[in-house]
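As structure tokens, one chain now follows by itself in the form predicted on its own.
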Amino acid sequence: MSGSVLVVGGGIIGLSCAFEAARRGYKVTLLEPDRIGGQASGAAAGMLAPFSENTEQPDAFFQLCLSSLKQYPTWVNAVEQHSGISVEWINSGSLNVFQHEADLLPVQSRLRWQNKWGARAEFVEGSALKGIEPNLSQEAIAAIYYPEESHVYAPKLVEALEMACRNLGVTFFERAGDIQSIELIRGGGVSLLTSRLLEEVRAERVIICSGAWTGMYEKWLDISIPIHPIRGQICSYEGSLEEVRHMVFSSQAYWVGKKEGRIVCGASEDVAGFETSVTERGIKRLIKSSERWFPFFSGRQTVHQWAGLRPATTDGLPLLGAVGEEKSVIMAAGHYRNGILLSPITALLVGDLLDGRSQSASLLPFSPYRFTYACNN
């Protein structure tokens, strides 16, 4: 397959799309206004948890997440082979923990529908729960165990994808500056200008993976793009995989053990525009939850605190699909806190769009035009 493709955005989604396009034989250029993996991707805990994150019903978004999880073994293998870097994928399973009897009322219906979709979930309580996660507080009276859920180390995945892209011949423009304009050329093609590059960057097609900044493209693409940043604050402790054996989700926070001797705790979320600093209030909330659910954290200092901007749409669904009469623009943005999980399926769908093999029915719930249509009706 020939043709030039410009990917705008060097987060996990942009890197994944560039990797897929390059594997399919396209001449790929990736343009990142700031630094590679600098926002939501770098702040992510790397959880691959479609069942824990989608608890209500098997809607189109849940099915997209589950499909992406099923792609992960093959996809991770390809990334690691092309990069020579391990992404530290750990098949830990997860626990959704509860502390009140009232919390258990909806559990059985949740188990029924999720197990129909392959969750293999189990309800555990008492000594059984203590046996599989010994350091949990006595306040944890029960949990749902999901053996199919896992996690990767997000910084390693970003590093591996960047290296894989470079090894496949992708051209990188990092710290290229703010996007000044994007022009759709009649008959096909795209021209893009930034504040730091001396010349326009041209390609036959462009994939917009600009995360929380995607809303700026409204004025050039003439569609409504209600994406806004949600600040996610995270902290980490020194700790081992034995201290927190699974990904553990409570109603207040989550905990994930990493091979680097760290236990990640997140995420405290708020709306703060494009501010990426951490706040005392946000981190204290995580520390309080950590000490409540895992008493061994009491008195233990955090070793790192950080924040990233998660790109959220007003309906919680990503924007996936082609834009414009010439179909020269493809959008892949608004993944909120599921960018790591949705990377394989997003890249696959974008690759099919590039090849002219889009599955329009499966993409309809995520159409980039859905907000425009709503405004016009």
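All residue numbers are counted from 1 along the displayed sequence. Bear in mind that the values here come from a model prediction, so they are computed numbers and not experimental data.
What follows is about the form predicted in complex with a small molecule, which we do not show.
Enquirer: Look at the stretches 115-123, 168-176, 101-109, 202-210 and give the one with heavy atoms within 4.5 Å of the small molecule in the predicted complex.
Expert: Selected range: 202-210.
Enquirer: By the heavy atom within 4.5 Å rule, which residue out of V28, A44, L320, A347 makes contact with the small molecule in the predicted complex?
Expert: Exactly one listed residue reaches within 4.5 Å, namely A44.
Enquirer: Can you work out whether A267 and the small molecule are in contact in the predicted complex, taking contact to mean some heavy atom pair no more than 4.5 Å apart?
Expert: Within the cut-off, so yes.
Enquirer: G232 near the small molecule in the predicted complex, any heavy atom under 4.5 Å?
Expert: Contact with the small molecule, yes.
Enquirer: Mark L69 yes when one of its heavy atoms lies within 4.5 Å of a heavy atom of the small molecule in the predicted complex, and no otherwise.
Expert: Judged by the heavy-atom cut-off of 4.5 Å, L69 is well away from the small molecule in the predicted complex.
Enquirer: My question is simply whether F61 lines the interface with the small molecule in the predicted complex - judged by any non-hydrogen atom within 4.5 Å.
Expert: No, F61 is distant from the partner.
Enquirer: Between the small molecule and M216, G308 and I340, in the predicted complex, does every residue show a non-hydrogen atom at 4.5 Å or closer?
Expert: Per the other structure, all of M216, G308 and I340 touch the small molecule.
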